[in-house]
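Shown here is one chain on its own, the form predicted alone, set out as structure tokens.
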């Protein structure tokens, strides 16, 4: 078995860019559990980290919006946003093109997958990396699932992708960690920014932790938009992780609505055995 760790976390830019404005108890609890996740990844012996994120029109737009894309570059630069605004200095992040090509080749046997040899990381990847690999010394392979440009990637295809990713990881000799980053409920770049639907979030997380496939795939985009905002479409990254760990259950290490971060902040893991 080459998949050695699986988890999910939030990636809102305010987590680093507005840290000083958050309730210290909630902020410190979130940061502590980011640290716990980092320690778990390090303890797993992971040689590469696959980050499944929702890209925010930094690289892909409506002229070219793949349902799934995986990076296959030697290295990546990020953040693409202003360093002072995000609170993260620009770094060059190592990739692993050989491993990425093998994962892509295997996944393509089951799911159509685009790939990119050029990719600028935005906050969707850089905020998690800031906490999970702060020395930027772990090979990273980025994945984007279309959570932003309708028609969005269907949830049942997200599940198929997660399963194909797991099979590809298990076929590789390297030890691989996977982390899905996103939501849950949030209304970014709208007058409702800062609104969080805690009830909806906790219900989703309960289904996610139980790895309840039918319940997870029953969400509709209309329902998600109404209850979780357009940022709620990022449940796809969480569902991909659940699919990669089908048959196992998860643990919610941290959840709290933090309005100044504009999202229900989450850190959780899923068993990989």
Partner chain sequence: MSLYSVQKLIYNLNRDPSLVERFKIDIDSVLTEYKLTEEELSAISKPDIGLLYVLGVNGQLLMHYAALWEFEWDDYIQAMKDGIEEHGEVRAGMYVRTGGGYL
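Since the structure is predicted, the reported quantities are computational estimates derived from the model, not experimental observations. Numbering follows the first chain given and starts at 1.
Below: the form predicted together with the partner chain, not depicted.
**Student:** I need to confirm a contact call. Of 154, 134, 173, 150, which residue comes within 4.5 Å of the partner chain in the predicted bound form, counting heavy atoms only?
**Tutor:** Selected option: 150.
**Student:** If you check 108, 160, 73, 80 against the partner chain in the predicted bound form, which one has a heavy atom within 4.5 Å?
**Tutor:** By the 4.5 Å criterion, the partner-contacting residue is 80.
**Student:** Kindly confirm or deny that 58, 85 and 195 each have some heavy atom within 4.5 angstroms of the partner chain in the predicted bound form.
**Tutor:** Yes.
**Student:** For residue 252, is any heavy atom within 4.5 Å of the partner chain in the predicted bound form, or not?
**Tutor:** So residue 252 does not count as contacting the partner chain.
**Student:** Whether residue 225 contacts the partner chain in the predicted bound form should be assessed with a 4.5 Å heavy atom distance threshold; does it?
**Tutor:** Within the cut-off, so yes.
**Student:** Any of the heavy atoms of residue 233 lying within 4.5 Å of the partner chain in the predicted bound form?
**Tutor:** Flag for residue 233 set to yes.
**Student:** Going by a heavy atom distance of 4.5 Å, is residue 120 a contact of the partner chain in the predicted bound form?
**Tutor:** Within the cut-off, so yes.
**Student:** Thinking of the partner chain in the predicted bound form, which stretch from 187-195, 125-133, 161-169, 100-108 has heavy atoms inside 4.5 Å of it?
**Tutor:** Answer to the contact question: 187-195.
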